[in-house]
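Only one chain is included here, represented as structure tokens and corresponding to the form predicted alone.
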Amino acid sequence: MEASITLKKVGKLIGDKTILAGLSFGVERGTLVAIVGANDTGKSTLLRILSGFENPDYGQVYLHGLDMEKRRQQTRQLVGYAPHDNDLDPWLTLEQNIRFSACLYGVPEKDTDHRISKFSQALEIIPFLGELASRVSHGIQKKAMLVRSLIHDPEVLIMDEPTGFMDAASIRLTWQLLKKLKGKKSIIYVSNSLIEVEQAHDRILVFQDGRIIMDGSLDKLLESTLDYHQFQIEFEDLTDELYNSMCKVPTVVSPNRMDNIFHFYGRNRSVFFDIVRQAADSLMIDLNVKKLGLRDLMDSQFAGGGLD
């Protein structure tokens, strides 16, 4: 599939701190790419570079084969960007904010009218279009910023926390719209909502210290851990002696404790019976067993390359 975005050894520094460390990867046209990672790992900086609002200190970024540094005006037309923080003019209405952006991109008035109506209806913000941006909730502001980012019909849509501050109904409406756009547009977004990422991606990039440490679909990322289960066992009294003895069980992986809860991983459910035999004289109050998900993968236990 043809590349929509290509990065070649892209890096960003602030003082002596490396924000992005020589990133090289491509994004296929029409795909939905989620970026996850801890705070201050370079995710938002990458989005600003991809959208043209910030320059890398070294390396090249190409949009549809065009060098963003050399063809800035052309590439900016290709991108719609919705940042994390509200950047709407507080003294303009939502509609005025959107129309101002349309003017900057030279969008014909007829197309502007159609897109405002279409996207505002999809996100259910038509009743708020005449309100000052400073007078509506953060969730409504977020939806207006999304409409604004789509007003010039970009081929690449870049979003930082697209559903931040939204209630459940607004999150549902937003993802309904984004999933309709997927395929027609390349969509790259950062999110701390791992549940949303699990449900809405073709590809996940996991960031750590300015580098991509994992890359692929959730199924692919979990391949090395598919046999594992996560266990939480609550004891009436988890003594140091009991905890240390359970940690020594050969089938127990990455054990830790919180008060009277013993947390660990195992390759299959039968590990529980190994623990039962070890803790036969202790009272167990509760048990939780589940397969691993993205949140488990993001844990530092796995970021280094898996459990093995």
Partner chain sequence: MIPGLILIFTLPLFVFSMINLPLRNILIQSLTGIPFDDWIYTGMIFIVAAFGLFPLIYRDFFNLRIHRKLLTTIALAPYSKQMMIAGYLCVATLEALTMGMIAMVIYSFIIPFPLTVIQLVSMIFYFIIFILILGNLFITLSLAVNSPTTYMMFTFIIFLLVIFGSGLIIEFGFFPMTFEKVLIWLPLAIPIRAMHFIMISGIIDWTLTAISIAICIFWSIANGIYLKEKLCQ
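Just so we're clear, the structure is a prediction, and the values are computed from it rather than from any experiment. Numbering follows the first chain given and starts at 1.
Another form exists, predicted in complex with the partner chain; not displayed. Remarks below refer to it.
The shortest heavy atom separation between D87 and the partner chain in the predicted complex is within 4.5 Å.
In the predicted complex, at least one heavy atom of Q77 sits within 4.5 Å of the partner chain. The closest heavy atom approach of C103 to the partner chain in the predicted complex falls within 4.5 Å.
Within 4.5 Å of some heavy atom of the partner chain in the predicted complex lies at least one heavy atom of F53. Contact with the partner chain in the predicted complex, defined as a heavy atom within 4.5 Å, is made by all three of Y81, W91 and R148.
When you look in the predicted complex, the only residue of K180, H114, K220, R72 with a non-hydrogen atom within 4.5 Å of the partner chain is R72. Shown without its partner, this chain lists N97, Q230, S191, S120 as candidates; in the predicted complex, only N97 has a non-hydrogen atom within 4.5 angstroms of the partner chain. Only one segment in the set 271 to 279, 53 to 61, 25 to 33, 246 to 254 has any non-hydrogen atom within 4.5 angstroms of the partner chain in the predicted complex, and it is 53 to 61. Contacts between 120 to 142 and the partner chain, taken as any heavy atom within 4.5 Å in the predicted complex, involve no residue at all.
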